[in-house]
Every structure is written in structure tokens, then in C-alpha cells.
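Take a look at this one chain, the form predicted alone, written out in C-alpha cells.
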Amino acid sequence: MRIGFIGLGQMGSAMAANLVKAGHQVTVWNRSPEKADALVAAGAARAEWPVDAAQGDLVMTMLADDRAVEGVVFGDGGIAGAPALHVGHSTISVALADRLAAESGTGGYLSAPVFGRPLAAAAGKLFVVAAGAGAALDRCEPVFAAIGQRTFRIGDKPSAANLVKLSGNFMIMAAVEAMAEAMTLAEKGGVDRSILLEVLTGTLFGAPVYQTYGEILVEDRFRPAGFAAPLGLKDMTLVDAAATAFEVPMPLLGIVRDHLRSVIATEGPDVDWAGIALAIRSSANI
């Protein structure tokens, strides 16, 4: 399949690499051109403008935020109106997803955000949450199989997938918040964090989110960031916008956002979003 891929950060580069390995004809574009060098060396073609990557069967975008997506779609050399089906993997607002669906042009649009950190992306083990027209989803099945271990179909409204993704990211942060608070309590009471994690994951909390982030918290593995705290704060802000639009109170969301702001202010923008544990420990004088 002829696939364009736009956005070559940690996640996008790994996803595009798996598409190349799967034998697809991949054309890549990134705002910083040098990030495409390794993929070009592996067999991908380089696009001069985003629209040049959207002349095939589909074009996949994996970008940081709404502004970046809007620039690639509607800006100079953007993909709006291009013939390729636009598959949006970025974590964006529900409102922007609705706009992309309404203004997609002849190629069409579907949302397919993913769950998984960079290591999962490199291994082709992401979870894809996809929504859009059934025929478009069917076309994308082999492509999703190249980047992920399972695809969840959410329905025919693309923004539904974005709402699921935002809800999931909120729950990840809620789990990290709960673990960080519990570990801080245990540590201050003389119980090692690793022992608490062993008990929790060996009994009632054996889910991947507790295992993955629990190890990060125990090991203080906050750099290099698998997912930077400013991106986490961006996502929680998008959750808040959705909660406001749908009139849903989310008091825990405010706590998580404040801890993200705190750790960014004290540790800098390169800290992992799990670094909210540092803000919690600081409040407990640890």
C-alpha cells in the first residue's frame, strides 16, 4: 500500500519503520527533515511538503497537538483536499477531530489514536483505537496490524476514538497519581516502594498500567521521557475541554493537572509524565 507518514517523533518514527518493514511504500515528512534520514536509509521516500506524502492510498499523522495537526492539514502545503485517506493517530481534541471529519475532502478521514509507549511502538505492539466509515476501517486493517497488536473499532464517528483515547490517558494519570501517593505513604512509613509494588501487582493490581508505571516509579525512571510531562498536561487540558463540553465533573483531573504543572516547573519539560511522583514526594518532605 502507498502510505504517507507525517510526524516522526519517538512514536511516529517507530510506527513508520514498522510500515517499511511490512513492505509498504512509505513516504515520510517531518518539520525537522533530519528526523527522516534513518527511515529514508531504510527504504522510505522523503516528501518536500506534507501534501506530497498524501498522494497515495492513505496518509497517517502522528503529531504533538492540535496546532501541529492544523498546520499540517490546513497550512501551506497541507494535506487538506489530497486524495489519500487521512488516518489521524495524534491525541487531539474532540472538536478538532470533528472538524477534520467535516473538512476531509475526497480522501476522507478516520481517527486511530494509539495506546502504548515508544517501546511498544518499536515492537509493533500498540493498541489502535479506530473510528470512522466502515469501508475505510477495513482498508486500514493490514496497516494497523503492522503497527499494533489489536485494533478496537469504536464506531463510525471519528471523534469517538479521540474521546476514548483522552479518557484512557486520564485513567493512566489517575493510576500513576494513586500509585505515587501510595508509594509515598509506604516509603515515609518505612516500607520500600519495590515491596509495595510487588504486593500490589501480585494481588489486585496486576494490570499492565500498574506494572509498567509502577516500575518507572520504583526506579525513578523519569528521564529520558517516554512521554513528556508537557504532552501529558496538554492531554489533560483536552480532557478538561471535553468534560466542560459534556458537563461532566472530574475533580481528580484538577489534582493531576496541578501535579503536572508542578513537576514541569521544578524539573523542566523533559521529565516523564510519571514524574508527578516527584511533586507528591516533595509535598510529603521526601
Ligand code: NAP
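Sequential numbering from 1, following the sequence displayed. If you're wondering where the values come from, they're calculated on a predicted model, not measured in any experiment.
The same protein has a further form, the form predicted in complex with this ligand, not shown here; the description that follows concerns it.
Enquirer: Given a 4.5 Å cut-off on heavy atoms, tell me which of 249-257, 51-59, 215-223, 28-36 is the interface stretch with this ligand in the model of the complex.
Expert: Single hit among the candidates: 28-36.
Enquirer: Tell me, out of 64, 47, 233, 242, which residue has a non-hydrogen atom within 4.5 angstroms of this ligand in the model of the complex.
Expert: Partner contact (heavy atom, 4.5 Å) among the options: 64.
Enquirer: From the list 72, 129, 183, 147, which entry has a heavy atom within 4.5 Å of this ligand in the model of the complex?
Expert: Of 72, 129, 183, 147, the residue with a heavy atom within 4.5 Å of this ligand in the model of the complex is 72.
Enquirer: So in the model of the complex, is this ligand close enough to residue 11 to count as touching (4.5 Å, heavy atoms)?
Expert: Flag for residue 11 set to yes.
Enquirer: Does residue 193 make contact with this ligand in the model of the complex, using a 4.5 Å heavy atom cut-off?
Expert: Outside the cut-off, so no.
Enquirer: Would you check, heavy atoms only and a 4.5 Å threshold, whether residue 159 touches this ligand in the model of the complex?
Expert: Output for residue 159 is no: heavy atoms all beyond 4.5 Å of this ligand.
Enquirer: Taking heavy atoms and a 4.5 Å cut-off, does residue 101 contact this ligand in the model of the complex?
Expert: No - in the model of the complex, heavy atoms of residue 101 and this ligand never come within 4.5 Å of each other.
Enquirer: Scan 85-103 and note down the residues that get a heavy atom within 4.5 Å of this ligand in the model of the complex; none is a fine answer too.
Expert: 90, 91, in sequence order.
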